[in-house]
Structures are given as structure tokens and as C-alpha cells.
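Below, in C-alpha cells: the form predicted on its own, a single chain.
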């Protein structure tokens, strides 16, 4: 299909445009950027944006990706911040908005601006253990298998439609740190694959 589009238009089809939101070190972002660089993920990152000073911004800059610090204003409501963020992202015309360690709960103004176009990855097999400290929740509950989930973002806390999951066994001597590391490795493999599959389902 790509070859046919090139034949009829004289130019290759435009790659999907990803805007990535981070709040921390950006390890999932790095895995996505690597997948794009290796042409495993048929997309380009047009912007990495963080709501706070984050090492992920510096990492993205090393990949040559445009970055922006976009903090919440003093006294600004969560909805007001998301409305402002939505207007900023619209200027980039992203195909998808990708949360990669983004620590803010997304509200209606941003969801309405990009319906079914905001993805997140969570370190548990949803609907089990939503919210923060999912790895500790899994250990405290005593489950034998946990993992990670890629899902669409909706108005709830990790309640959006599940797109893909990867299981990670819990070992008898696991701590939060050791379990988190193994889940993170699974996230790095799952996220780009789930994004690639979801892009195929979007209208041209």
C-alpha cells in the first residue's frame, strides 16, 4: 500500500507524528525513540514535552528531538492546564499523544482535543492495581503474575480501553525495585509494538 501511495503521489506517505509527554527520566520515551530510529516503529517524534524539570528532556535533546518545559501556572486548575496544553499540542498536529512516565491525571479539555488518541503504559495487568505504586500493590497482594498494560487514556485512573498487555512473573525474593526493573524491561518491548498496531487501525 505504501508503494502504491508513492507511485500515485510521487512522494512517500507521511509518518505518524507522535508527541510524547514525560515527567521523569524518560526510559519508556527512550525505548520509543530507539524503535523509531531503528525503523521498528513507523513514526516520528515531533515534540517531547514535560510539565516539570525532567531528565527526560535532556535525553530527548540528545536524540535531536524538539523539547519543551510546560509547567503548570500558579493557581491554575487541572482543567485550565490541560486546556492550555491541548492548544499547544494542536499546533504540532500529532497523530497520537503518548504518555511515557507522565504523572498528571489527564482531564476533559485534553481528552476532548484528542479523542482516542492519547495512550499510556501502566506497570500492572489492568484492571488490577491501577494508580501509583502498582508494583508494591502487586507484591502486597501476593500475586504470582503481574506485568504491564498499554491503554487508551480516559477520564478515570487507568480505566481506558486496553490495547496490549505483557505478563511478568513475580519471583519469591522480589522487592519493589527488582520487580519494577523487570516490568520496565517488558514495557520497553510492549509500548512501541502496541503503538505500531494502533496506528494501523487509525483512519488514513
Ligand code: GRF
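Being a predicted model, the structure only gives us computed values, none of them experimental. Positions refer to the first chain, counted from 1.
Although it is not shown, the form predicted in complex with this ligand is what the next lines describe.
Partner contacts here mean any heavy atom within 4.5 Å of this ligand in the model of the complex, and among 75-83, 122-130, 109-117, 88-96 they occur only in 122-130. In the model of the complex, at least one heavy atom of residue 27 sits within 4.5 Å of a heavy atom of this ligand. When contacts are judged by a 4.5 Å heavy atom cut-off, residue 16 does not count as touching this ligand in the model of the complex. With a 4.5 Å cutoff on heavy atoms, residue 135 counts as touching this ligand in the model of the complex. Among residues of the shown chain, residue 184 is one whose heavy atoms approach this ligand to within 4.5 Å in the model of the complex.
Counting a residue when any of its non-hydrogen atoms is within 4.5 Å of this ligand in the model of the complex, the hits in 84-115 run 100, 101.
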